[in-house]
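This document starts with one chain, in the form predicted alone, laid out as structure tokens.
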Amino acid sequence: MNESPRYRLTELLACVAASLLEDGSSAFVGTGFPIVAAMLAQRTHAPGLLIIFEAGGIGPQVPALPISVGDSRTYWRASAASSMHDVMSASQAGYVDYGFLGGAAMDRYGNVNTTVIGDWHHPRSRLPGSGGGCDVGSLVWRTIYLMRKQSTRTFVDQLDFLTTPGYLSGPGARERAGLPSGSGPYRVITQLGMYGFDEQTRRMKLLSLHPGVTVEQVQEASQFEIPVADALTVSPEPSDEQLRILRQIDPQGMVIGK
């Protein structure tokens, strides 16, 4: 996809991600792009969004972009300055609607690798690992993945390592593994489009294309075939107001760029 003269690709992705968060819902967000999307949602259509940070900030009105989930700004005007134990326990108890995660590689069932590329004993690359990713992907009701560089290296037939479970091997596999029934991957957002998961097969499917992207480009950037939704849509372009707010959230361009 080519960036528009009016907005950056990162700004489009932030708007697409923010649109998924309803007013009154709760969202477990991580450092970087997820924070930007959650802050945008809270400042536009979802003022009642309960933002939850891994270090313990619950329900803040974040004044400026934090550099990490432990930044003091993640507690500003918060409902609670709590702990990692409490926020993970809230996820386990079923109180968290959404979780925002990233990943180095994903398969057709939404399983994610953030640990190693290549053989475990002699990897080509060592990655950050799970952090809280496995907990979030296992326990929140709906997981949203932001993977900004979709390619045949990131959408793969077989993961080198399974860090965070998606739908595992298909229908019923999460439940057989002891994970909450009804939980799992919800949306995947890349530079090409937005994806969901078929309720019957649990396989990834294309829901919308970003402006200027074709279905052929989507298929070429994946090792596995991606079914296309019957009602395929095109992601709306960011409004001038959304762009103004995004640039206010991230004036230094730490996440969305400059």
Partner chain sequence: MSDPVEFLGELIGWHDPDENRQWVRENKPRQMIDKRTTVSAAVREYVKPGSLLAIGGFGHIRIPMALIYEIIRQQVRDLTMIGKTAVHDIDLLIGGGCVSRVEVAYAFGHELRGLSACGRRAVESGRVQVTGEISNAGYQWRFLAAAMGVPFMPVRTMLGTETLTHSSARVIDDPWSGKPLCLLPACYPDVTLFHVHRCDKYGNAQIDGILVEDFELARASRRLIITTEKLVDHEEIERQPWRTAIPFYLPDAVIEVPFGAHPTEMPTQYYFDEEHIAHWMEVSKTDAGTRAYLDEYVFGVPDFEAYLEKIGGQERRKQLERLMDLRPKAEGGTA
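Positions refer to the first chain, counted from 1. These figures come from a predicted structure and were not determined experimentally.
Keep in mind the form predicted in complex with the partner chain is missing from the figure; the text below concerns it.
At the 4.5 Å threshold, heavy atoms of residue 139 reach the partner chain in the predicted bound form. In the predicted bound form, the partner chain sits beyond 4.5 Å of every heavy atom of residue 59. Among residues of the shown chain, residue 232 is not one whose heavy atoms approach the partner chain to within 4.5 Å in the predicted bound form. Under a 4.5 angstroms non-hydrogen atom cutoff, the partner chain in the predicted bound form lacks residue 95 among its neighbouring residues.
Contact annotation: of the candidates 63, 48, 196, 212, the single residue with a non-hydrogen atom within 4.5 angstroms of the partner chain in the predicted bound form is 63. Annotation: in the predicted bound form, residues 55, 76 and 125 each come within 4.5 Å of the partner chain through at least one heavy atom. Comment: 117-125 is the region of 149-157, 184-192, 117-125, 95-103 lying near the partner chain in the predicted bound form, near meaning a non-hydrogen atom within 4.5 Å. Taking the partner chain as it sits in the predicted bound form, the stretch 80-96 comes within 4.5 angstroms of it through a non-hydrogen atom at 81, 82, 83, 84, 85, 88, 89, 92.
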